[in-house]
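Only one chain comes next, encoded as structure tokens, the form predicted on its own.
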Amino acid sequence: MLMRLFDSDRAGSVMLTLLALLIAVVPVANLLVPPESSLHLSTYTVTLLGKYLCYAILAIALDLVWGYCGVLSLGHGAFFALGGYAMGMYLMRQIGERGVYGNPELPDFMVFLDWQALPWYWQGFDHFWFALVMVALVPGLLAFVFGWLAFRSRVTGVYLSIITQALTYALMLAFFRNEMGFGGNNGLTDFKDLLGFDLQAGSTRVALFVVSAVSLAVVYVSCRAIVNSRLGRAVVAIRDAEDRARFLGYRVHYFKLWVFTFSAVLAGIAGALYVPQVGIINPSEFQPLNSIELVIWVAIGGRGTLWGAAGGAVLVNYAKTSFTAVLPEVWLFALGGLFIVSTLLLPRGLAGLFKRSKDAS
């Protein structure tokens, strides 16, 4: 089955091959090549590449629910941030007495705010396995409850998009409050180690990059298998003709709910991989603008292609890094221009352009 999947998805096979090359080359270029060599890859670049891969996972998660199910979510940034906070809570618990205030139980921000005990919802985050469960469970549970209420009520189209955006905005306001116990405006930062490995060490950064690359490959293969299955075909049918699918006896809201929840779990995993690499998680990750940017990544890369969504995330964020370093004041205009050009001239994104040239040849 896996070989048939690769044979029918050459572009995806190319993406997986590139990931395999990166996994082989990046550690060597960073750890074994001398810093004075032109072939050396700096730890900063490794971290940047790892961040791009996390964004690619997030883009695939959105493309699964938008490109194949037709549900435009403007709140996937919230699921990404919740997964990040779950990992951040684990990393904060590993600091222990090495914090500024030397409290073995309470994070520094709780000591500063005169908290007397660790909140109940922080219990268990000193265990890595528990944090991993929460990374998937919290975004997944929120998506399940939200989707159950929305899809059973047959909320669709722009109304659903607005509600998802309102959800992430409400979470942003809540996490900004110090009383919530998540660090308020500053969020969670000053992480020391992960599973006993120093997060500032180059080898740890390389390991996180490799884990991100492997995770992206697994997520891609899993999502490709889903969309090529009977479930995937039913989901596409619902996207193209929801009323007809309902008339034929499909319980449409169940299909939407499953895909939406699974997509949220993938977004949470992306957030969990992102946090130890960037070293911080704060309420700004809940900003509605982040979720809107995510939609632009997918639209530019190619909605309904998975590999195009991943490529769009990497391409746009690379452009963002370049533009904000050279001309920071024009970045948002450039991003808006990219979206307009993609919408008018490339309605199927760069992936559609690739397919058109392939068909022409």
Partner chain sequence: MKEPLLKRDRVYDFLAPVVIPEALLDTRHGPILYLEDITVTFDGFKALNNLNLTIGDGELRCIIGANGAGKTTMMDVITGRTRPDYGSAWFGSRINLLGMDEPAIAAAGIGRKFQKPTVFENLSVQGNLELAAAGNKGVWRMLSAPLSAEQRDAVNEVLSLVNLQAVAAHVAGTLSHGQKQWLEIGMLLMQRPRLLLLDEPVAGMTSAEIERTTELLLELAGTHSVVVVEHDMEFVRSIARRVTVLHEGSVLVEGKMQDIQNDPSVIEVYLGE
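Numbering follows the first chain given and starts at 1. Keep in mind it's a predicted model, so treat the numbers as computed, not measured.
One more form of this protein, predicted in complex with the partner chain, exists but is not displayed; see below.
Asker: Is every one of I226, A245 and L248 in contact with the partner chain in the predicted complex, taking contact as a heavy atom within 4.5 Å?
Answerer: The answer is yes; I226, A245 and L248 each reach the partner chain.
Asker: Where does the partner chain sit in the predicted complex: which of 181-189, 149-157, 88-96, 276-284, heavy atoms within 4.5 Å?
Answerer: Heavy atoms within 4.5 Å of the partner chain in the predicted complex occur in 149-157.
Asker: Report yes if any heavy atom of F255 sits within 4.5 Å of a heavy atom of the partner chain in the predicted complex; otherwise report no.
Answerer: The answer is yes: F255 has a heavy atom within 4.5 Å of the partner chain.
Asker: Does A237 reach the partner chain in the predicted complex if we count a contact as any heavy atom within 4.5 Å?
Answerer: So A237 counts as contacting the partner chain.
Asker: Is A241 close enough to touch the partner chain in the predicted complex, meaning at least one heavy atom pair within 4.5 Å?
Answerer: Answer yes; at least one heavy atom of A241 falls within 4.5 Å of the partner chain in the predicted complex.
Asker: When the contact criterion is heavy atoms within 4.5 Å, does L231 count as touching the partner chain in the predicted complex?
Answerer: Result yes; L231 sits at the interface with the partner chain in the predicted complex.
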